[in-house]
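Single chain ahead, by itself, as structure tokens, in the form predicted on its own.
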């Protein structure tokens, strides 16, 4: 355990140094993260005012709280490993990673944590500005607020596991951009980032309960913005744990099969 902590400490230092070389790109990426919620709040607040002040239980301040919460959860759980993995395989950058004594996934976890640590003050400032600009009304119960952090950690673990597994498709396919783009659209729609899931048609809402996407974003976001009943909280944690176990199984299976198929090119 001490060895792993020491490795992570060093990986974080290296990753932070690497991230600081791309400060402009980091800021542009962060603007992209913040711009979507600002547009969604403006649009849905206008709709609520035109409908007499409320739509499906959300008023303008409720919409602001929901979309700010989804922005924070998406920032904390978002990964980009599936965009980079195919390049590593195509250009031969993956071979040196296999020679290290530690699984390559640890370096990717450290890289993502470094980005989130670096951007934490900025995302905090963006959150404050959106909160003040749109008068967000957060109304979670103390119990929901207490369960937010564990739900967020499970959401990050689940999303990272599934998206690292998705990235492993690069062992079989030379071009995965279309699959990645399709995945991003599905996550945007079914995770609750585009609109609250209660706005979807009933059959689609039922389908989302059996898929992993809402447990990666919408579930922690609802805990933070409006709170959930005790029954919904328990169901949410069980769904997160179940999908995390499924994700770890898929990752382990795909990793073993992928390594047997891997052939280094480029370099």
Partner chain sequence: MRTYLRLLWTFFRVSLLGELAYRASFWLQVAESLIDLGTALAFVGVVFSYTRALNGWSADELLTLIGVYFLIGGAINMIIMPGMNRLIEQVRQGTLDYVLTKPEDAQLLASIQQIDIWKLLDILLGLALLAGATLWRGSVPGPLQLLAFALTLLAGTVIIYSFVLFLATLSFWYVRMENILVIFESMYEAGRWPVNIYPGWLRAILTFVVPVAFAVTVPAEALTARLTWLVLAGTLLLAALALLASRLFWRFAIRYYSGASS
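Just so you know, these numbers come straight off a predicted model, no measurement behind them. Numbering follows the first chain given and starts at 1.
Form predicted in complex with the partner chain: not shown, discussed below.
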Open item on the list: Looking at heavy atoms inside 4.5 Å, which stretch does the partner chain contact in the model of the complex, given the options 183 to 191, 96 to 104, 115 to 123, 154 to 162?
Closed with: 183 to 191
Task: the partner chain: the contacting residue among 234, 241, 207, 31 in the model of the complex [heavy atom, 4.5 Å] - done: 31
Task: 4.5 Å heavy atom contact, residue 169 to the partner chain in the model of the complex - done: no
Open item on the list: Whether residue 56 contacts the partner chain in the model of the complex should be assessed with a 4.5 Å heavy atom distance threshold; does it?
Closed with: yes
- [ ] Verify the contact flag for residue 44: yes if a non-hydrogen atom of it lies within 4.5 Å of a non-hydrogen atom of the partner chain in the model of the complex, no if not.
- [x] yes
Open item on the list: My question is simply whether residue 134 lines the interface with the partner chain in the model of the complex - judged by any non-hydrogen atom within 4.5 Å.
Closed with: yes
Task: Triple contact flag 81, 229 and 253 to the partner chain in the model of the complex, non-hydrogen atom at 4.5 angstroms - done: no
